[in-house]
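Before any questions on how it binds or moves, here is one chain, the form predicted on its own, in structure tokens.
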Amino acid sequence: MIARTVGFEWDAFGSSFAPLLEGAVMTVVLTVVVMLLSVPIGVGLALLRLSRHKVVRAIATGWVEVWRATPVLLQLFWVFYVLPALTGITLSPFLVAIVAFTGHVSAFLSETFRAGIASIRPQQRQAALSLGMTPAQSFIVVVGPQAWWRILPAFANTWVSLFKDTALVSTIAVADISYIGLQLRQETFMTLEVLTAMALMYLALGYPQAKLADWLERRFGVKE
């Protein structure tokens, strides 16, 4: 391999942004789809973990702990390689990413939602029931909205973490920012320029999200 001369190739740096922008679309789509799926699943798991039935709680807890206690990269590889071997079901790399990240994120969100629901005083639910509401109505109208505002900062931080963690999908050939950036690096040998462009792309997209999460923490975070 011929060593490149020292210096920064501005042309290579600038030309990296167009393909990286295409990868950014995939990154954003993946983040949004995973979160849209993870929220209802996370709420369902939280309610199951708050169930009065021990068996239901045990099953939900076991499911959540499996996803929480294993690395998301391993989960990606398991769905990509092991699931087809066990079931004969082969998913596209994009669907593999959706399945693995949804399982991972929904498990963590379930704990966030569970803590938020548990923080609401039982008397409020009892008051709603005494007014003739069903348990489902009391949750949707009374408990759920209050819990949502309490967990919003943690939810925003989970969103930011998910956005960054999606870089792992490059390992299964999903054409996100990281995958396209690494392909450009291999094709052009412009490691410094391409990785710098990648960093700036992630920074431009991730920094506003991080600052929004900080603002939500200040605005809605529980104050002692």
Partner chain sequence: MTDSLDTRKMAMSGAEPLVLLDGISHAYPNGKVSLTELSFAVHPGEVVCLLGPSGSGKSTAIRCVNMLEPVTAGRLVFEGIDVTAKDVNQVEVRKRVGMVFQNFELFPHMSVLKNVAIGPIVSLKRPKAEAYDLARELLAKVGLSDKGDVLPSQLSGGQQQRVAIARALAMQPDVMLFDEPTSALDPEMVGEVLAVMRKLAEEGMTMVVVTHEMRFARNVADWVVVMEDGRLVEEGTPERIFEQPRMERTRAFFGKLEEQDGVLPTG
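Numbering follows the first chain given and starts at 1. All values derive from a computational prediction rather than experimental measurement.
Here the subject shifts to the form predicted together with the partner chain, a form of this protein not shown in this document.
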Exercise. Work out which of the listed stretches, 76-84, 90-98, 121-129, 108-116, brings a heavy atom within 4.5 angstroms of the partner chain in the predicted bound form.
Key: 121-129
Quiz item: Is P145 a contact residue for the partner chain in the predicted bound form, using a 4.5 Å heavy atom cut-off?
Solution: yes
Self-check item: is_contact(M133, the partner chain) in the predicted bound form, heavy atom dist at most 4.5 Å
Solution: yes
